Each structure stands twice: as structure tokens, then as C-alpha cells.
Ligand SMILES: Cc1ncc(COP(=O)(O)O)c(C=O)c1O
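Just the one chain here, laid out as C-alpha cells, in the form predicted on its own.
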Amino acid sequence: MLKDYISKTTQSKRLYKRAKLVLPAGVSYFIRYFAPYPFYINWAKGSKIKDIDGNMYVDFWMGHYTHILGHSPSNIIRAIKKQIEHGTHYGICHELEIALAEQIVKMVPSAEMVRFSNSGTEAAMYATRLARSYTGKNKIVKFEGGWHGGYDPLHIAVKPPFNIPESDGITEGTLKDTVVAPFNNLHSTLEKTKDLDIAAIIIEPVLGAGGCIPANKEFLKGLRELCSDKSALLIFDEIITGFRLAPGGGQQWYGIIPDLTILGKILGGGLPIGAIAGKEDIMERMNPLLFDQSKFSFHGGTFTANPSTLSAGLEMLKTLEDGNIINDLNNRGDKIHQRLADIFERHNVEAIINQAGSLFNMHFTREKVWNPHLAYEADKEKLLNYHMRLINEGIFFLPGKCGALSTAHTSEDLDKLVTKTEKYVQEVDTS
């Protein structure tokens, strides 16, 4: 399998050799590395990407789940081109920041006011600080398997072992007010927090890095009640689920409204973005016209509300606003889930497919995967092998990660995924 990959990607192998001389591990983000080396693309349109060796792939990674309309959708490209003729970055107020904030408020149930950032990590950082400022308390609860970017107090318990940070250089002091709780286990979460005065609970409605695991609705409902009882804020990290599960994100999908929401990915229309949205009285804590330095929560950044990004984001949200596209993708997600599950069942392969709308992920195990412990106990080598086989067949999942559907994926694209999966299963059966 690796010989086939290497023989088809000789130019990528050459580029990776160069990359290792100037980029640690040869990549700009280690999640993008896979053995023996990643391929390098130079073109992306619709559901397809093409590498520098000319190999074409059906893409189910979709820019970290960003491209819900596919790569380079024409309406988004037109909006960006129109804006950059007037300037790429102002560093001064402009109307687009009002228009996109208004659109978010219109679509996201928890949003009454909005502030923009440049990444999901920044949004998580500022939301955490805001929660502490508003409540006057320090402790933040996050969950095993939850990924909220690289902000030190939240950069723990993403993957096993769940009791250590995800990076060196994170001090004990930055983690002393972080409380890690088990995902989808309300009883244990209540036990962990019963004697604590917490500022906030932050949670992904669907774990992304943790294995595409949807939260149980009763679990989220319990967290909502817990936060209300403790005068703490419930923060939904909707950087993945925002504008994908429903026009109003996971909170609309579940019918459970947080106090704060952080957004990214789809919101930027393919360009870098993050955002914090929430109730007016909470968000106004970021207003130094109302609060002096000892009481207000700082937020800022050179490229916040960058007009190039906001032009793309506004066009994106208007396209998704009526929910028709999202509902169709969710239905297609249900169908591809069933088709793939049927293959594994017919061939007696121990595999579970987790799915939430247009997001889906394979776990090679016989046990239902409802928490990240079970996700990491599944056979990772089989998953990597499956994804590498698909890459050789012209289908791209970032090895080991979830897949996402876009409007650009055709019936032929999905048929190809099903056909090549069946081929993989048959080859495993006879090997």
C-alpha cells in the first residue's frame, strides 16, 4: 500500500524533504502530517483536490470541515473579489462587521451581540476570559476529548492520557482552575463539580477530535441546568457544528441554548475567522465604555473583522440561512452512514460509524462509541489503513479523522466512497 502511495507522489516526497529543513516536522500543523509523508495540493474546486503529481481526490476532509459548499464556491469567490478591489484589510470600522454580526444574531439562538477574532483558539480564549470576568469566578469545566484550540487552560484532556496537557510549556498555574469531566456522563460531572464554584462549562455539542461523538441531549440539558443552578455560563464550542447541523448550529439542533457560543470554520466562508456570540449583558462586559479596567474583559486584534473574510462569511451565511442546504446535507449524511454501515455488517467487520448530520467517522470496534475513551480503544491502525487505502483509490480523508459532506459532493462521489469501501473490506477479508 505504501509503495503504491510513494510511486504516485514523487513530487510530494521531494517537497516534504524541502519542508523538513524549514518547518518543524515538515508541516505547519502536525494534524496534517501522515506517514510516510503528506501529499501537497495545488488546486481545489468543488469536491475535488489535486496534488502536485496530478493525482485527483474526492475530498471528505474539506479544509478541517470548513467548506460546506465545497472548495471555492463561485458565489463566495465573487464576494471576496468584489471586496478586495476596495481593500484587503482596513484596521478601521466598516459596515461589513455590522452586517455579519446582524446575520449571526439573526441565525444563532444564543447570539444577541458578537465580537470577531481570527481563529477558534482566539475565540475560546476570549470567551473563557469573558466568562470569568462576568461571573467573578475562575474555574472552567471542560470535557475529555474536547478540543478548543491551543489556549493553555483548555489544552488538556484532548486524547489519552486525559490527565496531562497536550503540550509542553503549559504551567501548572495555567491549569489549576481547569476541571476535566467525562463526556456524556452527567452523574460524574455533577459529582466533580458539586463543591466547586465554577465560572463556566465549555463543550462541543459534537466532539470533533474526540471521534465525531454527539452529546446526548439529556446530558446537555443537565449541563444547562447545572450552569443555571451555579450561576455559571454554558459555553458551546460550535466551531465545527456552527451552521452545519442547522442554520443556528448545534444549539438549534438540540434545542438547548447556551450563554455564549464560539464560532469559526464555516463562518469565514473559507478564510480565517473566529467569533464570540452571546447574551447582551454578558457581551457588554467587553465594553470599556461601561466598565473600568478592573471590571471589563479585553478583546481585540489587528485583523479582527477583516473585511475580506467578512465578505465571504456574510455571503456564506445568507446562502445557508433558510436551512434547505443544511437539511439536504443532513439527509445525505444519514444515507451515507447507512450505506457504509451495511457494508461492514454484511462482511462481519467490527466497525461502528458515528454520525451527526453531515459529519461522520469510522471506529473499528464492536461497541457503540459514546465517549472518547471508547473512541481511542477502537483499532486506530485499521482506521489509518482504511484511510490510506482510500487515498490510493483517489478518496481523501485526513487519516484517522472525521469526514464531512459538502453540497459539492455528487452522487458519483458518494458511490465511489461506497464502492472503494466495499473493495477495501473484501481485500481485508481475503488477506
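Counting begins at 1, following the sequence as shown. What you see is a predicted model; the values in this text were computed from it and never measured.
Absent from the display: the form predicted in complex with the ligand. The rest refers to it.
Looking at T189, S119, T178, S110 here, can you tell me which has any non-hydrogen atom within 4.5 angstroms of the ligand in the model of the complex?
Of the candidates T189, S119, T178, S110, S119 is the one lying within 4.5 Å of the ligand in the model of the complex.
Considering the ligand in the model of the complex, which of F360, W147, W253, F219 comes within 4.5 Å of it through any heavy atom?
Contact check passes for W147.
Do heavy atoms from each of E204, I240 and K265 fall within 4.5 Å of the ligand in the model of the complex?
The answer is yes; E204, I240 and K265 each reach the ligand.
Select, from the options 148-156, 330-338, 70-78, 344-352, the stretch whose residues sit within 4.5 angstroms of the ligand in the model of the complex by heavy atom distance.
Correct option: 148-156.
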